[in-house]
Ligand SMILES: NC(=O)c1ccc[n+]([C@@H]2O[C@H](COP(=O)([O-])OP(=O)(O)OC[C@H]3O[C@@H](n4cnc5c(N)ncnc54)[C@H](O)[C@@H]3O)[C@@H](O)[C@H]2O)c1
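Okay, here we've got a single chain as structure tokens, the form predicted alone, with questions on binding and movement later.
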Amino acid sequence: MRISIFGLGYVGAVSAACLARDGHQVTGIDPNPDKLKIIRSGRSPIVEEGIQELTSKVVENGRFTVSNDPHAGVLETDISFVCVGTPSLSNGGQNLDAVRKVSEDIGTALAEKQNYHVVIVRSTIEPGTIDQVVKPILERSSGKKVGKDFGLGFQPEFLREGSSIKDYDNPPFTVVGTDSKRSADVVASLFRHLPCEFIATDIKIAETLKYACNIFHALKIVFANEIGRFSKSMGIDGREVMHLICKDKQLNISSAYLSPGFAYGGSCLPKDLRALLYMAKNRDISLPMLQGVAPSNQLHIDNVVDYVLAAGSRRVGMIGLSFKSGTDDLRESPLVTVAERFIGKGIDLKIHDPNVSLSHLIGANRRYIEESIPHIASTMTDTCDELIDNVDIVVVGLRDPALLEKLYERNRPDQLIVDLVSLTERERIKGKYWGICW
């Protein structure tokens, strides 16, 4: 395929060399004459293992050429990748000047092109930039329409400095968000040979994914370092602690707990987090990230309460009260917190949880209800049917198949369903629907 790459910085230079190596004809477009001179001489503008040799080879065999003419770069190729920089502004925002300039250049060239051309942005950009910035510029400057006359999309890159060629050849996945299947298929033809899954998705999801991945990496580094500081203060080798944490591939290093949903709770997580922070404070160890976990969890609870209260109805039902489906444990359940907030605001509340039968509770759970939340007992209903039939808002906090089937069967067009568990059959909801993170 004939490919143009706009911006020959780190991502652009590596991508160009690897695509040319794979047999494509690549034209690199960059306004910097020094960078173009370096590449024409068979050298790469970046310093990294293997990139100099690879660049020299593909320049020598004619697969990789460079130019400062964006017009020819579009007219003579089938697909354009935008890899220009998006540096930070002083307020933390992005400088999109280069993205806007390249979009204008590509659009102007597209005005003269008859063939279907695909434009894929790889620069890290704020979610919504493709739709709100790139697309309008391309359509205005070309006089053409996305999806009809040309394709548009975003492809996040996951190249680490120091190992970019290895990362290019062995990615965890290849993701592209595009305007259409036609555009996705063009991108797939370039990357489907790689030993990973090719995923076509929504443009905004692809834009967000890049940020989510990088922030997750930062989060992991800070978590490991905070556990390291805490461990050292206790005379413990934090490296060995984290080494053992990473041995657990079922919960720790896995997809467990990484699906957006409702707040955490229960008898372990809140208690152990408080204990660790108390021990750190007694040793004058600051752990700001871990100190922010509980406040963030509380904000998630507040979000649900505020939304329901703003809806205006005083008749609210909650399916679920325990901290997790399949258990009767009410200790530090976020749903109990929600119920208490509703009662405190004068809400006419009804609750149904088949695992929380007041007549059968024993031990710590019974004592917890009798001593801490006796006022909630009067809100409990025996059946889910009774709850659904007598409220205007249903807060779903329990993933029980039998109860969810009741919800699907009995919910009404005038009801609001507040989903905390990611309902799988949302098309069966007759009324208004609100998902906490979706």
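None of these values were measured; they are calculated from a predicted model. Residue numbers here begin at 1 and follow the sequence given.
We do not show the form predicted in complex with the named molecule, though everything after this point is about it.
*Asks:* Work out which of the listed stretches, 97-105, 183-191, 291-299, 277-285, brings a heavy atom within 4.5 angstroms of the named molecule in the model of the complex.
*Replies:* Comparing against the named molecule in the model of the complex, the contact stretch is 97-105.
*Asks:* Which pick from K35, K406, R63, R399 sits with a heavy atom within 4.5 Å of the named molecule in the model of the complex?
*Replies:* For this set of options, the contacting one is K35.
*Asks:* If you check K113, R122, R341, H352 against the named molecule in the model of the complex, which one has a heavy atom within 4.5 Å?
*Replies:* So the residue touching the named molecule in the model of the complex, by this definition, is R122.
*Asks:* May I ask whether P31, V84 and E161 all come within 4.5 angstroms of the named molecule in the model of the complex, judged by heavy atoms?
*Replies:* The answer is yes; P31, V84 and E161 each reach the named molecule.
*Asks:* With a cut-off of 4.5 Å between heavy atoms, is E157 one of the residues that contacts the named molecule in the model of the complex?
*Replies:* Contact check for E157: yes, within 4.5 Å of the named molecule in the model of the complex.
*Asks:* Test of understanding: in the model of the complex, would K135 fall inside 4.5 Å of the named molecule by heavy atoms?
*Replies:* No, K135 is distant from the partner.
*Asks:* With a 4.5 Å heavy atom cut-off, would you call K210 a contact of the named molecule in the model of the complex?
*Replies:* Yes.
*Asks:* Can you work out whether V11 and the named molecule are in contact in the model of the complex, taking contact to mean some heavy atom pair no more than 4.5 Å apart?
*Replies:* Yes, contact at 4.5 Å.
*Asks:* Residue by residue through 328-354, tell me which have a non-hydrogen atom within 4.5 angstroms of the named molecule in the model of the complex.
*Replies:* Nothing in the stretch sits within 4.5 Å of the partner.
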